[in-house]
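First, one chain by itself in structure tokens, the form predicted on its own.
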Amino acid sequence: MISVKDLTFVYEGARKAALSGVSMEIRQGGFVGVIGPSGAGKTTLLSCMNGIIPHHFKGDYYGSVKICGKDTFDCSLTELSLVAGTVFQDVDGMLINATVEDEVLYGLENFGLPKAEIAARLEEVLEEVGIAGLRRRSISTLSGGQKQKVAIAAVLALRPQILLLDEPTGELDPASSRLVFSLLKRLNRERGITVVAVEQKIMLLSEFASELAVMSEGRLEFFGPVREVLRHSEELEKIGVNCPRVVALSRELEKRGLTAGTLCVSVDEAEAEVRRVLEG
């Protein structure tokens, strides 16, 4: 689905590579969380996946990125947007229309779909994302979480196979953040949409993502199932990634011989493990 091979990129005028020798394979229907300290190359990696690099940002580009078998270097941004939809960090900059309905219609009309198809997709995506009741609301009156849902709906209306998101909960409170990730997980599970989300809130990624990609100084340090990556908690801390407290709790219980190495990655799992220890 997404194949990254030996990817290196140096922004024009920069002395240091933003990405250096990154290779990864993301399967169809995967849910990958990308995390790492500031300046690790997370957004640059996402920009290579959606084609903004090298088509918009110039520099020295080596290696390859293929989306559904198509090399992003050879495809136009328009072609790629129909396969991989992107929700950017600055959601207010993405939303350019006055109302929710107009925002979702914008992309559909630009691609010249028949009127009947446009109407059907509009109804479908508003219901699917859970914002049918906001259809005629002004964008300016929406909360941060609602705006994120509108941005996701506008991308989903084009029926991409992949969703790429750059810090979708960066300015949201914890409750709104969970709502956004619950929506992404449902789309991933029910529609088989591949999700790649750059996110700083590792607890959200631990609960909702299937795999974690950990970036540091332009390199891919770890990539694999969430539980396996979080077992490297000491190395992650050195990189600058703070693991969830439930992971620290699991490691402490293991050190004291109270568990057989069970690594908890959610609050519910941690509660169940502590109850088991206390009852034992």
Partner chain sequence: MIRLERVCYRYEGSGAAVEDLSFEINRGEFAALLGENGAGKSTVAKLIDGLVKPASGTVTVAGLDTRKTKTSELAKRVGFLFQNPDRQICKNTVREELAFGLELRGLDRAAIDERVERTLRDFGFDGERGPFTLSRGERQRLALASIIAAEPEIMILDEPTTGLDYRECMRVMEAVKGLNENGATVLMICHDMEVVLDFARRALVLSKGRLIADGAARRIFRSACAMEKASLSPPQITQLSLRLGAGFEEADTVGELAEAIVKRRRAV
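In this text, all values refer to a predicted model and were calculated from it rather than measured experimentally. Whichever C-alpha set is largest while still superposing within 1.5 Å between the two forms counts as the rigid core. Residue numbers count along the first chain shown, from 1.
This next part talks about the form predicted in complex with the partner chain, which is not shown.
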Kindly confirm or deny that D92, Q146 and D268 each have some heavy atom within 4.5 angstroms of the partner chain in the predicted bound form. yes
Note which of A119, A98, A175, L77 lies within 4.5 Å of the partner chain in the predicted bound form, where distance is taken over heavy atoms; exactly one does. A175
In the predicted bound form, is there a heavy atom of the partner chain that lies within 4.5 Å of any heavy atom of A154, even though the partner is absent here? no
Contact between M1 and the partner chain in the predicted bound form at 4.5 Å, heavy atoms? no
Taking any heavy atom pair closer than or equal to 4.5 Å as contact, tell me whether R256 reaches the partner chain in the predicted bound form. yes
Is there any non-hydrogen atom of E252 lying within 4.5 Å of the partner chain in the predicted bound form? yes
With the partner chain left out here, work out from 109 to 117, 183 to 191, 136 to 144, 157 to 165 which stretch has heavy atoms within 4.5 Å of it in the predicted bound form. 136 to 144
With the partner left out here, which residues of 50 to 73 have a non-hydrogen atom within 4.5 Å of the partner chain in the predicted bound form? none
Align both forms on the core first, then report whether L179 has a C-alpha shift of 2 Å or more between this form and the one not shown. no
Exceeds or equals 2 Å, Cα of R256 between this form and the one not shown, core fit: yes
In the predicted bound form, whether the C-alpha atoms of V129 and T169 sit closer or farther than here (change of 3 Å or more): closer
